[in-house]
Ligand code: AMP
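Next up: a single chain in structure tokens, the form predicted on its own.
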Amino acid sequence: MNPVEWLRRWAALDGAAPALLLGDRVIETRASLLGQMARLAGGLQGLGVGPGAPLAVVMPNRPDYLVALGAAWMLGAPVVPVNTKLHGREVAYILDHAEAVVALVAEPEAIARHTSGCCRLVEVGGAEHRSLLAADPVAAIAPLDRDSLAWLFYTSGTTGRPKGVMISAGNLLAMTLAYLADVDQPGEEAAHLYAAPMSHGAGLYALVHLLRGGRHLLPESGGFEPAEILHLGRTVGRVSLFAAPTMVRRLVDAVVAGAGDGQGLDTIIYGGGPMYLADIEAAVAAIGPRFVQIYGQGECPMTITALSRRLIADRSHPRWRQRLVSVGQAQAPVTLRIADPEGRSLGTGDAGEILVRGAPVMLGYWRDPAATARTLRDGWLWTGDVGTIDEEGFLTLIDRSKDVIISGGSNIYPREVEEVLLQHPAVAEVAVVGHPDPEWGEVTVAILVPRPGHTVSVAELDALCLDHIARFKRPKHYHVVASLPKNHYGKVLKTDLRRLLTDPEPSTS
């Protein structure tokens, strides 16, 4: 299974059909895109890229990204996608650890002084890159077997050095087919818009559209600009995109402000962080039944559960709110269960760690057998997430196991508290974390971002919590801040928030 073979088949049927767009302009047809990949592959082959010799990609979203993915896979080489927001020293660690042969890099100077020199840095758009794109094309597409390493994704490393998640060609095929079974069924006329970073899950959704002969759409801004996305929906049509919950919120705000109505946006897949009930209700009300939720992680990319657009839009079921705060049901190729720390299965509604088994689950961690053994046990992936499964099979995420607050011997799940606080009309965003306390072990602290022009009353927040959750779960302290620290994907960095809470008696606001 080689994704470039899918493109080759579609090019054979109609090579002049549009394949790659920059904004609303077609810049590559199927045939020309395949040719670009083949020429870059020819150039990279001369530098040693091939099976077991990875190509790293360290660039923001741009047309070159898709060409680089295809070129590597044509050679049977793994791709190492790297977050461009990382420090040069962090990027260098990944390149060295992955044993990448070549890295296509947007800003090589920031990385070069930190690397061991084993990886050749090629500046994207520079003279060497242009010469690689002008090389003689490779004659054939290399085979990728089920267990061939195809995607070496490095985790965020919030608890230490990042780990390289080994995703095989078989994992990617299972992910792609699961998308068609459980998320959406795009056709040739569809266009996938890369607004979230292609170094993460959004880039993997390229495979679905390669398989179905669809179009690939890069916004000219290179990022997530709501007005631009609404414009592209109208002008390009049949657009789908993956968005983090914070991106969905920004898109909804733009629609409410009159920037557009979502016309031409077929499917908005959201995931990568908690989507709060109030936010998805507002999104469906503003834009309509265009939303599908997925839950996955790097170790089982995009393919653990899904909540369909029908269920997200349905208000007739007596438990529709409970379904809406869930992340849906298991996708076709996986099995789920909830377990205690010893691996014993728990009952319906009991909270425990989420375990996953199935074809999309990673091969393991690159050069880290100890971490692999801790995470893959008896065929099950231990996700590190805490959740419950109800009698209908809907999985509800409670929190990351490392984010659970233990106060006075009782477990407090931050998301439960955050859902309550977000009901206050003056609260725009909130994150709840634990703070060390000599008496209780930990106490609950809420960090709040108020809506513009609003003030937040501690007394009102306390009353709101006491109306909805047990008294011991109520935050002991509140901080009001201008913004929450987030990664490039829009996920709140709770590790950074904990570092900020150095005062043993945080002030309330």
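The model shown is predicted, which means the values in this text are computed figures rather than measured ones. Start at 1 with the first residue shown and count on from there.
Beyond what is shown, the protein has a form predicted together with adenosine monophosphate (AMP); the following relates to that form.
**Q.** Position in contact with adenosine monophosphate (AMP) when the complex is considered in the predicted bound form, options 298, 333, 352, 170, heavy atoms within 4.5 Å
**A.** By the 4.5 Å heavy-atom cutoff, the listed residue in contact is 298.
Q) From the list 424, 309, 200, 120, which entry has a heavy atom within 4.5 Å of adenosine monophosphate (AMP) in the predicted bound form? A) Contact residue from the list: 200.
Q | Site test, 294, 327 and 491 vs adenosine monophosphate (AMP) in the predicted bound form, non-hydrogen atom cutoff 4.5 Å | A | Spot residues vs adenosine monophosphate (AMP): full contact, yes.
**Q.** Contact of residue 271 with adenosine monophosphate (AMP) in the predicted bound form (heavy atom, 4.5 Å)
**A.** Residue 271: yes, in contact with adenosine monophosphate (AMP) in the predicted bound form.
(Q) So in the predicted bound form, is adenosine monophosphate (AMP) close enough to residue 385 to count as touching (4.5 Å, heavy atoms)? (A) Flag for residue 385 set to yes.
**Q.** 4.5 Å heavy atom contact, residue 397 and adenosine monophosphate (AMP) in the predicted bound form
**A.** Flag for residue 397 set to yes.
Q) Okay, which stretch from 218-226, 298-306, 433-441, 258-266 lines adenosine monophosphate (AMP) in the predicted bound form, with non-hydrogen atoms inside 4.5 Å? A) Selected range: 298-306.
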